[in-house]
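In structure tokens, one chain follows: the form predicted alone.
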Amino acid sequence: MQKQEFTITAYTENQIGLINRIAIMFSRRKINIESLNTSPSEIEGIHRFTIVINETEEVVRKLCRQIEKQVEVLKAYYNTNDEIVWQEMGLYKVPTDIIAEKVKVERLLREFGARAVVIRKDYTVFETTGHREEIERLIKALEPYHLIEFVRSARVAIIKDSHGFHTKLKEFEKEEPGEEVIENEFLDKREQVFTM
């Protein structure tokens, strides 16, 4: 089996230490994480991990099963790049005097779909979103103009053929309804509940 880029999406409760336990699963198997993003999901109280790795499908399938064994993880999916809509963001810091003298800012912005976020006397910061290759092309274009600093965000991705995790959660609740919780149910029966 050939290695390829996969995006793992895991829906989790937001618990301290979970990111560390998940990262350990990858390091034990000597798998490099290319990109890792955590954010709230469409469901209140549920977070979403987006993890990008280069590996075989068999290894990714096993990893997802391993991730799902964590108590706080509700579900983990894996997808190829063709099965998701994804973007990354890049920020580029360049000297304002050089960029103003040698490059038409408007042309640069149009050509790469970038926009100026900050313009100061000493530097200008550009922002662009797209696929990694598009972001790296702008790095190459800015290198001759003394690129001071660059940073790229982690991937954010949405699964194309998904009706959302919220829908799956609702379906599960219909099939396996949770027990009705009655707050302070035993408050007036203290002696019966707490006696030895």
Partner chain sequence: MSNATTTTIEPAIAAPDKATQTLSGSQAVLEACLAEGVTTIFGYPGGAIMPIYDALYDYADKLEHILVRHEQGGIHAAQGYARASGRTGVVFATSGPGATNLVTGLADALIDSTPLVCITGQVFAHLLGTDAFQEIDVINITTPVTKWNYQVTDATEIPAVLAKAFYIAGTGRPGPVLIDITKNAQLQKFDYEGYTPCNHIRSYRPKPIVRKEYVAEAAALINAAQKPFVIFGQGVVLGKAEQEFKTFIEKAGLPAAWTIMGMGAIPTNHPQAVGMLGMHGNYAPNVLTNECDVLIAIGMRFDDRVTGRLDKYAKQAKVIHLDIDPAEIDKNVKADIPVWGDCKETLPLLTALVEKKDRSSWLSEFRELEKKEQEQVITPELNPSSDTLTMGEVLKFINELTEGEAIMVTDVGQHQMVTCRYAHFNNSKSNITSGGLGTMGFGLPAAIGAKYGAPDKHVIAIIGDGGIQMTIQELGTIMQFGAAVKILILNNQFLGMVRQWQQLFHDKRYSFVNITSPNYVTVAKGYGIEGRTVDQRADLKAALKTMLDHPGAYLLEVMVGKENNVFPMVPQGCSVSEIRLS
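Numbering follows the first chain given and starts at 1. Quick caveat, the model's predicted, so the values are computed rather than measured.
As for the form predicted together with its partner chain, it is not shown, yet the points below apply to it.
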Review point. So in the predicted bound form, does any heavy atom of T129 sit within 4.5 Å of its partner chain?
Key: no
Exercise for review: Would you check, heavy atoms only and a 4.5 Å threshold, whether K160 touches its partner chain in the predicted bound form?
Suggested key: no
Point to revise | 4.5 Å heavy atom contact, R65 and its partner chain in the predicted bound form | key: yes
Review point. Could you tell me if D97 has a non-hydrogen atom within 4.5 Å of its partner chain in the predicted bound form?
Key: no
Practice item. Mind telling me which stretch in 145 to 153, 30 to 38, 130 to 138, 65 to 73 gets its heavy atoms within 4.5 Å of its partner chain in the predicted bound form? Key: 65 to 73
Review point. Is it the case that E13, N20 and I24 all touch its partner chain in the predicted bound form, with a non-hydrogen atom of each within 4.5 angstroms?
Key: yes
